[in-house]
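To begin, one chain is listed below as structure tokens, in the form predicted alone.
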Amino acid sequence: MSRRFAVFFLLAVLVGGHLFLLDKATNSQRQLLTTGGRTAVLPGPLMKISSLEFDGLVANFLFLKAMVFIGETLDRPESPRVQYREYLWLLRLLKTITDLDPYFYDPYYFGNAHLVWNEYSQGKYHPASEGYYYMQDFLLRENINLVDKGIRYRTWDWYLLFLNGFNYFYFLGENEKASEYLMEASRKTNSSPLLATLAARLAHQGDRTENAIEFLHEMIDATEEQSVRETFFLRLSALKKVLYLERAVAEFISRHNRQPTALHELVKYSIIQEIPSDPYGGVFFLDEDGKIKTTSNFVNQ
């Protein structure tokens, strides 16, 4: 009994001492940051060695320090509230945490909340002298890489795929890339059926109408709930008509060596007999870039 107690006591001392040293190190790092100094976070592999067999415990402890750090900045009167170098420190800390425990969900969500949605990404602070656009883009893409790490390990998790799909759509304007993430997210168990229709819509906007149609066929085959199937069928019908018009425009260009000025020219020159109706209640048209659009934007009117 005494031997067990001694072993337990020794482990408690080792773990407590290790956490105490980590606490002192991160406090020193914060002091360096607030005085403009440079600091370093131990890379994941080195931290993993020093954590012995307590990877999960140390990951939780470091994540707590990250949350406390952000919490302490909430009352700062200055602008920006968090300095760019502090975001870089936070990024390195989250990388180390997820190296210690790559299945730990919270750091990925926390990083997306603070590395993406901050004063730099929202345009509240952008002095040209500090390279605002570079800082915004760097934090965003590093966060995308961080979330990608979570996606590789948390193979069942649809929400991380949704986060990066949104990042590509909203911040980078890359609809094709966004649709790839959302398509994969929609295939996960318990994901929202709305992801599939959104993914198909973005695929169309990214000039991948045929891929969107194939994807919806796949989702219809995999879905048993009738109301969801009807939603997919409606979007599928609209996209098939878009593809029909896209191919007609390509045929017009092949025959006349120019873009049609409007869809009615396809009828005038006998490429098609009539312009199909939009199942969402809108009207198909040709935009300035020669792409097929609809006034409904694939939303019921």
Partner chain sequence: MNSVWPLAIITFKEGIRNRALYGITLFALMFLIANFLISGLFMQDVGKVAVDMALSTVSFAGLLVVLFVGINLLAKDLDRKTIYIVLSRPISRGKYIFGKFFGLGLLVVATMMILGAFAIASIFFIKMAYPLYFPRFSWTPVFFAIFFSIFSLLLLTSLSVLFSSFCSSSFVTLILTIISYLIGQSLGDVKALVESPQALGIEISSLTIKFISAAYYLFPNLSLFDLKIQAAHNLPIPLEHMFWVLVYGIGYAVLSIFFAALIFEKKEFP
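Just so it is clear, the model here is predicted, and its values are computed rather than measured. For clarity, a rigid core is taken as the largest C-alpha set superposing within 1.5 Å between two forms. Numbering follows the first chain given and starts at 1.
What comes next is about the form predicted together with the partner chain, which is not displayed.
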Per contact check vs the partner chain in the model of the complex (non-hydrogen atom within 4.5 angstroms), the hit among 212-220, 137-145, 83-91, 150-158 is 150-158
Please identify the residue among Phe252, Phe69, Phe232, Phe63 with any heavy atom within 4.5 Å of the partner chain in the model of the complex. Phe63
Please determine whether Leu52 contacts the partner chain in the model of the complex, using a 4.5 Å cut-off between heavy atoms. yes
Would Glu224 count as a contact of the partner chain in the model of the complex, using a 4.5 angstroms cut-off between non-hydrogen atoms? yes
So, in the model of the complex, is Phe162 in contact with the partner chain at a 4.5 angstroms heavy atom limit? no
The partner chain contact at Leu57 in the model of the complex, heavy atom, 4.5 Å: yes
Members of 264-289 lying within 4.5 angstroms of the partner chain, judged by heavy atom, in the model of the complex: none
Is Phe232 displaced by at least 2 Å at its C-alpha between the shown form and the other one when the rigid core is overlaid? yes
Relative to the form shown here, do the C-alpha atoms of Leu172 and Phe232 sit closer together or farther apart in the model of the complex, given a change of 3 Å or more? closer
Since the C-alpha distance between Tyr159 and Ala222 changes by 3 Å or more in the model of the complex, give its direction relative to the shown form: closer or farther. closer
